[in-house]
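A single chain, nothing else alongside it, follows as C-alpha cells in the form predicted on its own.
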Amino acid sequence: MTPSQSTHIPGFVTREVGEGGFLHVRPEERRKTSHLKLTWIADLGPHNARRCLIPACLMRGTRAYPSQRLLNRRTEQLWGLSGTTSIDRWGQRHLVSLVAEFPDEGHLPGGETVFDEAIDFVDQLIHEPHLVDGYFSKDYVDSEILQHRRSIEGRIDNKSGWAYQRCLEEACFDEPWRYHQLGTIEDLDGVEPASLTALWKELKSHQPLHVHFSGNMPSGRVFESLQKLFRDNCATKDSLAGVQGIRAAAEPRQVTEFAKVQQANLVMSYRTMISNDHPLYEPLMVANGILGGFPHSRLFTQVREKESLCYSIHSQVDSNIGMMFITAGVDHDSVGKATDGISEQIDFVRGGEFSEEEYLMTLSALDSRLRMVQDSPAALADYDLRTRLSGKSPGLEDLRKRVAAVTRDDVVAALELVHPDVTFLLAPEEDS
C-alpha cells in the first residue's frame, strides 16, 4: 500500500498559548475514548531524578481528593478515567508527561457527560495537588524517592540497556544526551518536600508545555476547555538551552567493563553527521532497516543466523544526536568475530551489494511501521511531539512519501557518512 492509497488520518491542529505553550487537537471518530497527554519539556541534566518525582507525587492526591483512595473513587465516578505518567528523553530534552484517557461522551448512556469534569480533574492534578503546610506530603515524597531509587537500581538488570547507556555516556561524555531520563541515585540524596514543591512550581510555570488531545469533540470546545491547563505557565523561547550541534567521529576507541553477566553485551556506536533536517535523513532510515532494524535485516540473517556469532543483534539510528548504535549479545570468546562480522555487513550495504528484495522489504517494513502509528492516538501524539521537537514537519503522510522515494544510491550515500566511534563491551567478571 502506498501513502496515496491509505486512508488519510488527520493530524493535529496547533495553537500557541503564550510563548511556551502549545495546544494540539485532532478529531478522532474511530474510537470510543478520548486521549489527553500533557508533556513538559526540560533540558536533560544532572538533576533528572528529582524531576521524575514530580508526576508521581501529583498522582498521589489533590486538594479535593487528598488520598489515593479518594482519587481512585473519583476516577471511577468519571467513567473509569485512567491516569498515568511517563518519563522519557528525546535528544537533549527531558520529557515529563501525564496522560488521561476517558470515555467519549457520545458513547455514554442517557446523555451523560464526562469531558468537562475530566479536564477539571486533570487541572486539579497539576495545579492543586495535595499539600501539607504548603509542601508535598513528606510521606509521599519519601515513598516516591524509595520507588524511584528501585527503578534506577533496576536498570542494571537489563544488561543490554545498561550497556547501551554506558556506551552513550562514554561516546558523548560532554554532550547533554549522555544523561539517562531516570537520573542517578546520588541526585535523590537530600530531596525534601520543600525543594520538590519548588521544583514542581518551576516545572509548571517555566517549562514549555505541549498538550495533545484526540477525541470526538468539537474542536472549538476543546480549545476553549483546555486553555485552563496552561494557567501559570510563563515559559518562553529562552526556557530551554539552544540545540547542541552534532559532531563527527573522533579516533575510534574501545571500552570494556566487567559485571555479573552470563553473556557479553556489545554496543558499537557510530557518528553519522546526519541530523533530522539533513537531506539523507530518510535514506539513513532505510539503510538502518537494511542493516539491522528488522528481522529480515542483514545483521540478523548473516551475523546471527548464518554465522551464529551472537544471540541477539539490532541497530538503531538517533538523528537527534547524529549517531547509530548496534547492540548484540555475544559469547565473550566470539566478540572479535562478531565485531568483524558487523563491520563486514556495514561495508556490504555501503557498497550497494544488498539485494533488491532486501531493499524493497525494508521500504515496505518502514511504511508498515509508520502506518501503525496511525492506529493509536497515543502513538500519534508521541510522534507529533517528537517530530516538532526535532524541528521537522509532523506530517506523517509526507514522511511516508519521502521514505518511499529513497533510492538504492541514496542508501549508499547515507552510509558513506557513517564512521565508527566507541565500541563498548560489558563482559563477564570471570573473564577480567
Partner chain sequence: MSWSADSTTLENGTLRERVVERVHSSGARVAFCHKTGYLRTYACFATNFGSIDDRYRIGGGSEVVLPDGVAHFLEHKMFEGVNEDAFQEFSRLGASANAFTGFNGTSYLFSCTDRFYECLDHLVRFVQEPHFTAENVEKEKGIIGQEIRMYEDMPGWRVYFNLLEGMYQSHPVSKDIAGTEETISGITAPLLDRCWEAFYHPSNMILFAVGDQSEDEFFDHADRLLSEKDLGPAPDIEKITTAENLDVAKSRVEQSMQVGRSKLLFGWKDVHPGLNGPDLVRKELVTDLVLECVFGQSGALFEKLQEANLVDDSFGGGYMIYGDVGHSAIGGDVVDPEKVVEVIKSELPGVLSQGIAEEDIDRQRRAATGQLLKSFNSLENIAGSYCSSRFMGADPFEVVDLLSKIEPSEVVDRLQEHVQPERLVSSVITPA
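The shown structure was predicted, so the numbers you read here are calculated from the model rather than taken from an experiment. In this text, the rigid core denotes the largest set of C-alpha atoms whose superposition between the two forms falls within 1.5 Å. Residue numbers count along the first chain shown, from 1.
What comes next is about the form predicted in complex with its partner chain, which is not displayed.
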The unique member of S219, N72, S86, S225 whose heavy atoms fall within 4.5 Å of its partner chain in the predicted bound form | N72
Its partner chain: the contacting residue among D340, D120, D331, E169 in the predicted bound form [heavy atom, 4.5 Å] = D331
Indicate whether the candidate residues R31, Q263 and E357 are all in contact with its partner chain in the predicted bound form, with contact defined as any heavy atom within 4.5 Å.
-> yes
Any chance K159 has a heavy atom within 4.5 Å of its partner chain in the predicted bound form?
-> yes
May I ask you to check whether A259 falls inside a 4.5 Å heavy atom distance of its partner chain in the predicted bound form?
-> yes
Decide whether R150 counts as a contact residue for its partner chain in the predicted bound form under a heavy atom distance cut-off of 4.5 Å.
-> yes
Please check if T301 has a heavy atom lying within 4.5 Å of any heavy atom of its partner chain in the predicted bound form.
-> yes
Residues in which of 401-409, 61-69, 387-395, 37-45 have heavy atoms within 4.5 Å of its partner chain in the predicted bound form?
-> 61-69
Considering only 210-224, what residues come within 4.5 Å of its partner chain in the predicted bound form, judged by heavy atoms?
-> none
Does F348 show a Cα shift reaching 2 Å between this form and the one not shown after rigid-core superposition?
-> no
Core-superposed C-alpha of I274 shifting 2 Å or more between this form and the one not shown = no
Establish whether a shift of 2 Å or more occurs at the C-alpha of Q207 between this form and the one not shown, with the two forms superposed on the rigid core.
-> no
